[in-house]
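One chain is shown next in structure tokens, namely the form predicted alone.
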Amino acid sequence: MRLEDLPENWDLIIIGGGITGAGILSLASRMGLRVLLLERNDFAWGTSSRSSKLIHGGFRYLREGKMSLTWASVKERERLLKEAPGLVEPLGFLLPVYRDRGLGRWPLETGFTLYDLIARKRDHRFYDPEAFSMRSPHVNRDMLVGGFKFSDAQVDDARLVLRLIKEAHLSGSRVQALNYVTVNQITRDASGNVSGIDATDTETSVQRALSCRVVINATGSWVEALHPSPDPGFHIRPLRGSHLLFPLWKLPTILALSFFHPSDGRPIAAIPWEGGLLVGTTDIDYKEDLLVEPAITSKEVSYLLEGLKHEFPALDISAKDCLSSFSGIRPILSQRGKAPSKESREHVIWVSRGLVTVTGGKLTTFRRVALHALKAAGPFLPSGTPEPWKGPLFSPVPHAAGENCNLSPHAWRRLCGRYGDAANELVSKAAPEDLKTIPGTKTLWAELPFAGRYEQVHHLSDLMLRRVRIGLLSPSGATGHLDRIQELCAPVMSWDSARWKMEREAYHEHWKSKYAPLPIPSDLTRKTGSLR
């Protein structure tokens, strides 16, 4: 369905197809509402596909005295681990402790103990230098006094958004979500109350006026374009966080490694993810046009490599080893004078006569953010609307694969986590050779045509960078696989040969400009210092 096919009247329209908008859609669908989500680009195009892929309790927030945020994060982490196996999975972390830098053993011990108390399970342990080095043999041993092991969780953030949208559709026929639709303005009646929106399909240029009584603006860093802050001294501060992806063999590990950057003490992590090694993140002010897709800078590449080389000096990791990079913009609520990493990660809600704006918050706590947004929208919803849904967000999935699919239990669990109960259909329509993984990744070839058929893929970048992540995890953006990908997807997509040629060329150029790892200029090969 596209914009021209939609009904005119809705109870609720959500603007923004990231994790916050998808969470609101999922909850609202269970309230029996006629609810529509519109996204200007692709689903999860912004911050929600460019995170560090962690569902975490926010250990560092304990250091800042933010007990309530940590408590909420740990509770949501445990809930998601229970509700979405295969999508949200446990992840062990190692954290070295040094005599001359970073936090000492006992402040960290206190923090981890509080962390465990919130989760109601003891889940950390301290190791002496020898035992810690056995678990992380490449770690810098100079001044090492030992280290901790603790647990959090990780996710494919884009697939989390898509799973939530899918689950919302399962709740009823009165739910719709469309990508590549721009909301031009929010309309109001003579009394100043919200009456609807004007929107344009960016692919076809079709324009529509749609009616509703309440709009939720969940556009992240872009919220003030639709709803300026009601406090003149309080605005969104866009911060760029950038990551590098390496092949996992550069630092073979099943545990994530967290450490403090030697130049400014910021936490950095090297995380095994989807067959690769994810390293990040930076945290700097983003001063460019928010409509322009962000990309990593040479200075950020140098900063991340400096941290890696200092922590793992024997590995000789360099930019030439990198598979890809990506950058996202965090919508941070600004308090003047604070360093980027010290800014609040709490969310905020503004209400103006049927326009509810929500921004900030963390990937982990998206459900709580969505609940608060829907409570704020309550006075404008139809009378008799039930309270926001507080039950499970994800439907149960089959525990075992269908016959003759030859998938391992781990591969089946992963597939169910990403596609829910549609995993059986994906497998049943696949040829046996397409149930094998794409080299260097955990993605099955069969996922590509399934996404092309059912998941609103409008451009090749949607498929390669968000429906599956092989554009990040394969050399040169997986362009070497494009012939097979076209062969698999052409029968289920409406593109002719000319469109395929155009999409392949556009994707290649897009990947080179926004996702390719950058070389480090000669003046940045020296120690870079803090990015602040």
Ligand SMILES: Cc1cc2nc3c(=O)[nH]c(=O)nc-3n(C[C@H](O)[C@H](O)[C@H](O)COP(=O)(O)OP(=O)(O)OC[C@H]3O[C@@H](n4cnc5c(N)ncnc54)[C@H](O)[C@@H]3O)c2cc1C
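When you see a residue number, it is the position in the sequence shown, counting from 1. All values derive from a computational prediction rather than experimental measurement.
Missing here is the form predicted together with this ligand; even so, the following discussion is about that form.
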Three-residue site 39, 50 and 361 fully in contact with this ligand in the predicted bound form at 4.5 Å by heavy atom: yes
Sort through 250, 243, 166, 77 and report the residue having a heavy atom within 4.5 Å of this ligand in the predicted bound form. 243
I need to confirm a contact call. Of 281, 443, 456, 325, which residue comes within 4.5 Å of this ligand in the predicted bound form, counting heavy atoms only? 281
According to a 4.5 angstroms non-hydrogen atom cut-off, is residue 330 in contact with this ligand in the predicted bound form? yes
Can you tell me whether residue 195 touches this ligand? I mean in the predicted bound form, with a 4.5 angstroms heavy atom cut-off. no
Even though this ligand is not shown here, does residue 222 get within 4.5 Å of it in the predicted bound form, heavy atoms only? yes
Using 4.5 Å between non-hydrogen atoms, is residue 15 touching this ligand in the predicted bound form? yes
For the interface check, one of 422-430, 308-316, 175-183, 104-112 should have non-hydrogen atoms within 4.5 Å of this ligand in the predicted bound form; which one? 175-183
